[in-house]
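What follows is one chain in structure tokens, specifically the form predicted alone.
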């Protein structure tokens, strides 16, 4: 017998009260899209999340990705707890910083040198500044649907306009600002292209290469649809940027420590000049890193390029990062491989459910990070093709899941952790079957 949908009375009361003091009742605009409204949570453990109404969720949002080991992982919490009485920030260095740098250097192909910060948005800014200093150029290339943080100069064309039927959009694309208050002048230094289109990239680099400092990309498009790079695409990007003396930046804020201990660059065998990491790096604690080639990164060390931050390399975040990476790398990456297998089983089960009820649910991506959407085609390869999917039905499906105890992200991304297991997969599929049935009833 299907379970009754959850009640959210306490969360609703919290939401109404919070709106009077917290803008939108949330402290990140990403959370405005919560279903049925931004919920309030009490605690989390492993693969499960509990709200203030007492509802339990199998959590596939995982804090928007950081919880690669699940919530409150014992090995990370214990490691951090041991340091708390020693102090958190020294306005100076501590030994664990070098221990973390050695780990990143060991596992990430591009990490000849390291700088640690607090957020992925900041790491991206440092990467772009360094690229401009290194090349003496001002422009950079980004791609439609890719998210590189909320700062003015990169919050561009994350959700741009889509082509009308029969329309061919020009190259490069017209940049679209995503927020009121952004400076229109940032569009002067940005070139927006469709992703997964090597010919478009080559055309622009051939004509504008001498103006371009960097090309920045998610190596797998996980912010929009969990879309894989086409075979050879990243290799062509690497060749083209090298040919034109352009810095290639991989934004691995999501893919890092999810698609491999060494990130997507290790998985795909393509090494960028600079890479940004955050989210899963510290198992839930706030941290970010910019890593890259020695000749670029040393410009921070000479003081020629500024990168600063009061909270950078604070003790708890560094120790949490070490504990997380060591857990993921142990036994040849067994824990991460197991999480990927769990996710693949879930993906397969969702596809089977869709086929059994004759609904056009599609599932694509990777075991530890995949996306669900509704479409009559499998040809989703970039932002424009993703926007042609049935996004209204997707939102209805996600709301039906949350109301029954399964919580992906509000954009349809599912993150799987090492804490998820076979029981979670089986329960998720039972609930997903009910949610799909609710769409056709």
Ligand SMILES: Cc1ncc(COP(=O)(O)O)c(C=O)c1O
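Remember, it's a predicted structure, so these values are computed and weren't measured experimentally. Numbering follows the first chain given and starts at 1.
The same protein also has a form predicted together with the named molecule, omitted here; what follows describes it.
Of the residues given (337, 312, 119, 83), 119 alone sits with a heavy atom within 4.5 Å of the named molecule in the model of the complex.
This chain appears without its partner; in the model of the complex, the one residue of 223, 135, 299, 125 with a heavy atom within 4.5 Å of the named molecule is 223. Contact annotation: the named molecule lies within 4.5 Å of heavy atoms from the stretch 251-259 in the model of the complex, the single such stretch among 251-259, 185-193, 74-82, 347-355. A residue is said to contact a partner when one of its heavy atoms sits within 4.5 Å of a partner heavy atom; residue 218 meets this definition for the named molecule in the model of the complex.
At a distance threshold of 4.5 angstroms between non-hydrogen atoms, residue 149 is in contact with the named molecule in the model of the complex. Shown without its partner, the chain has 279 as the single residue in segment 277-299 with a non-hydrogen atom within 4.5 angstroms of the named molecule in the model of the complex.
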